[in-house]
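Shown next as structure tokens: one chain only, the form predicted on its own.
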């Protein structure tokens, strides 16, 4: 299945509301050798980003998707509240993580509509979503997540550095699709966090020479 996140007519809010897409999501992205390696590395980074959070804390995972990263948090002794706009993706997550019982719960939720009057969480994970939207929309999404989070939010994004832009240009020349529709520069990261009421604490990279992925640990400043 092609990655369509760089197609301006592609709608991330609707694409995953498809049972077939949800069922095949992990197989398409993480069944190859490279995909399995990245999956393991990403889960390790996510665990490290939350390693100082008291065990049994409830983490908001939004969008939870198929529960792939929620599984890493649950395995670390945390509880996870999996939220996603797609009930179909959450169906896959619930089946996958049924063995965790009440430690994993889910709710269909739209981050763009969160106001702060909803249930509050100590920390949140916001992975593999922001790069699907233009920056202004990313800010709206992250503001929603921040509205229901008391302290820490871990986000992941696609970094747009001079080196990564050169790599992306070469990949396009070779006929590969872009890995993200809206990669972000360091100055844009600062704006994204600042306008969402967050400040960066630290960041992690995975295979920086071959991957755009960046993981940012941020905390609320107001």
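From a predicted model like this one, the values you see are computed outputs, not experimental measurements. Numbering follows the first chain given and starts at 1.
Keep in mind that the form predicted together with a small molecule is missing from the display, and what follows is about it.
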Candidate from 139, 148, 109, 74 lying within 4.5 Å of the small molecule in the predicted bound form - any heavy atom: 109
Partner contact for residue 133 in the predicted bound form: the small molecule, 4.5 angstroms, heavy atom: yes
Touches the small molecule in the predicted bound form: residue 128 (any heavy atom, 4.5 Å): yes
Close approach of residue 89 to the small molecule in the predicted bound form, 4.5 Å, heavy atom: yes
In the predicted bound form, residue 207 touching the small molecule (heavy atom, 4.5 Å): no
